[in-house]
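The chain below stands alone, shown as structure tokens; this is the form predicted on its own.
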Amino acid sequence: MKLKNSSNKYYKIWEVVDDIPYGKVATYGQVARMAGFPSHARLAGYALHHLPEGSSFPWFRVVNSQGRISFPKNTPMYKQQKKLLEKEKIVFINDRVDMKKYQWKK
């Protein structure tokens, strides 16, 4: 999904997230860097937190730099993100995604 106002920082981040392929993940830092905001991983997190309700962006494909889900373990959002990733055949070992195998390489 391409957005109209790509000058907005959040829109640029959302566009990168929208490009993450099925069965792959990216880190917050990677998304920020690809959107043109190196060293601003938290900005990517803020942008995902502010996704419009009902949007179809694959927010769940973004994990932290250790390959972990950033939501507190066993919370509803943690469980939802893990379920969506597992639906795409992404495997967790000790609550981590194998970044060598599943990280998006663009």
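Start at 1 with the first residue shown and count on from there. Please read these numbers as outputs of a predicted model, since none were measured by experiment.
Beyond the structure shown, there is the form predicted together with the DNA, which is absent from this document and is the topic of what follows.
By the 4.5 Å heavy atom rule, the three marked residues L43, N64 and F71 all count as contacting the DNA in the model of the complex. Proximity of R96 to the DNA in the model of the complex falls within the 4.5 Å heavy atom cutoff. Among heavy atoms of S39, some come within 4.5 Å of the DNA in the model of the complex. The DNA is not drawn, but in the model of the complex it has no heavy atom within 4.5 Å of K24. Residue contact check for L48: one or more of its heavy atoms lie within 4.5 Å of the DNA in the model of the complex.
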